[in-house]
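Below sits a lone chain in structure tokens, taken as the form predicted on its own.
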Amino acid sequence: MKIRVNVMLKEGVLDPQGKAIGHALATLGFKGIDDVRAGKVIELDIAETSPDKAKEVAKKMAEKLLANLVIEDYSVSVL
């Protein structure tokens, strides 16, 4: 079963990569961008048949390795 884990910095945590992307977009002529936040997407194909069980396994993965829970939030979706 395929699962996707989205990891983003928590609100209030400085995001230098997002700032750099926002600056580059402005330099390229894109206007009206107030804020940019950068994150990561991790897709996994796991040997699980139950969507609920797959989501539970992905949450454990995120909490143990994929996300730094001090500064990042995550969400899990089954594809």
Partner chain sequence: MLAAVINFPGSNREQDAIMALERAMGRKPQVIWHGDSALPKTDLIVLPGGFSYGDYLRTGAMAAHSPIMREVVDRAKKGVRVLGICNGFQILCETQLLPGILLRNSKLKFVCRRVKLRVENAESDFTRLYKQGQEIDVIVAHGDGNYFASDDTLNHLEDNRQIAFRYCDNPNGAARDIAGIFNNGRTVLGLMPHLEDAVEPMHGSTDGAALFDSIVRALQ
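Positions refer to the first chain, counted from 1. Nothing here was measured: the structure is a model prediction, and the numbers come from that model.
Keep in mind that the form predicted together with the partner chain is not shown, yet the notes after this line are about it.
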request  = Could you confirm whether Ile71 comes within 4.5 Å of the partner chain in the predicted bound form, counting heavy atoms only?
outcome  = yes
inquiry  = Is Lys40 part of the interface with the partner chain in the predicted bound form - any heavy atom within 4.5 Å?
reply    = yes
query = Going by a heavy atom distance of 4.5 Å, is Ala20 a contact of the partner chain in the predicted bound form?
reply = yes
query = Taking 4.5 angstroms as the cut-off for heavy atoms, does Ala24 touch the partner chain in the predicted bound form?
reply = no
request  = Could you list which residues of 29 to 67 come within 4.5 Å of the partner chain in the predicted bound form, counting heavy atoms only?
outcome  = Lys40, Ile42, Lys64, Leu65, Leu66, Ala67
